[in-house]
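Taking the form predicted on its own, here's one chain by itself in structure tokens.
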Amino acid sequence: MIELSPQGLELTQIIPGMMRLDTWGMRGQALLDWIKQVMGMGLTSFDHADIYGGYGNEALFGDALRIEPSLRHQMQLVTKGGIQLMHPNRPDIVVNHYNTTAEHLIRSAEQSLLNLHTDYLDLYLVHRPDMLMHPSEIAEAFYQLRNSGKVRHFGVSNFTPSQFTLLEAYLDFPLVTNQVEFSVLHLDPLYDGTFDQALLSPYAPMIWSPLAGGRLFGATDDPQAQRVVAVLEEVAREVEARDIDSVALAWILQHPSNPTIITGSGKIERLQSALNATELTLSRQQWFRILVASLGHNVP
């Protein structure tokens, strides 16, 4: 388990992400069996968002959990709100947009509680910064949800360091994480201050798209991916890793901010590969060889 912040919330370092749950072909008892198998591997934290699966994936997970409610207190549930997407299930939404008003965030969290068949969320995140957001609105929602016992910890997703700092200034408790994109092909958090802030606060960032959305696999027309894959294969042989997935994830985990990784697959073998990454240690030169391959040039 990884302590996200000194405030006490702990999540597993590898977190199964539920964004594509509706495409995995599991419902009811079959999904419950999968959840129990994953938890048996030590992966007890699950990442959701209200919009995943056309606003339906939380309910799929909750329907499975309802079969065996005692599992709820052995797991950590994370979800996000603040995005409103056009979908047949939401005919009133005519344009994709963000909504970080207190009313919407509270309503979204309460709907997530119903969907997931639980009376509390371990962690609730604002899914994306809203160009029209005022931090006082978000703070009001967070205070109401915390004081009612519906949410235990709060954070954000895809926030810039300045947006993170701005929101924290309106709270009398710290945000425990920022969920951001990072991979061997997407390096922004190394350079835009995100990881610097994580170390300063401190909090452990949550990483989404850690395998670059599949760009590492079969990217014959992607020079950056080709360079990185070649080095990942070399390093995999050197550290006796089973696959380049494990090396790419170990590269992320080596950052001193102690990140957690959100996976995107329901395949047990892919989750095991992610777990294998937690056992790998790269030398500093191996880590920088991968960085240099991604950059396409030597560091200054």
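The structure displayed is predicted, hence computed values, not measured ones. A residue's number is simply how far along the shown sequence it sits, counting from 1.
Beyond the structure shown, there is the form predicted together with another copy of the chain, which is absent from this document and is the topic of what follows.
- Gln163 is the sole member of Gln224, Ser209, Gln144, Gln163 with a non-hydrogen atom within 4.5 Å of another copy of the chain in the model of the complex.
- Listed residues Glu110, Asp122, Asp196, Glu140 were compared with another copy of the chain in the model of the complex; Asp196 is the one with a heavy atom within 4.5 Å.
- Stretch 183-191 is the contacting one of 147-155, 72-80, 183-191, 114-122, since its residues have non-hydrogen atoms within 4.5 Å of another copy of the chain in the model of the complex.
- Proximity of Asn89 to another copy of the chain in the model of the complex: non-hydrogen atoms within 4.5 Å are absent; the residue sits far from the partner.
- A residue is said to contact a partner when one of its heavy atoms sits within 4.5 Å of a partner heavy atom; Arg20 fails this definition for another copy of the chain in the model of the complex, lying far away.
- Taking non-hydrogen atoms only, Leu171 never approaches another copy of the chain to within 4.5 angstroms in the model of the complex.
- Using a 4.5 angstroms limit between non-hydrogen atoms, Trp24 is distant from another copy of the chain in the model of the complex.
- Heavy atoms of every residue among Asn96, Asp130 and Pro135 are located within 4.5 Å of another copy of the chain in the model of the complex.
- In sequence order, Arg284, Gln285, Trp287, Phe288, Arg289, Leu291, Val292, Asn298 are the residues of 276-298 having a heavy atom within 4.5 Å of another copy of the chain in the model of the complex; the partner itself is omitted from this view.
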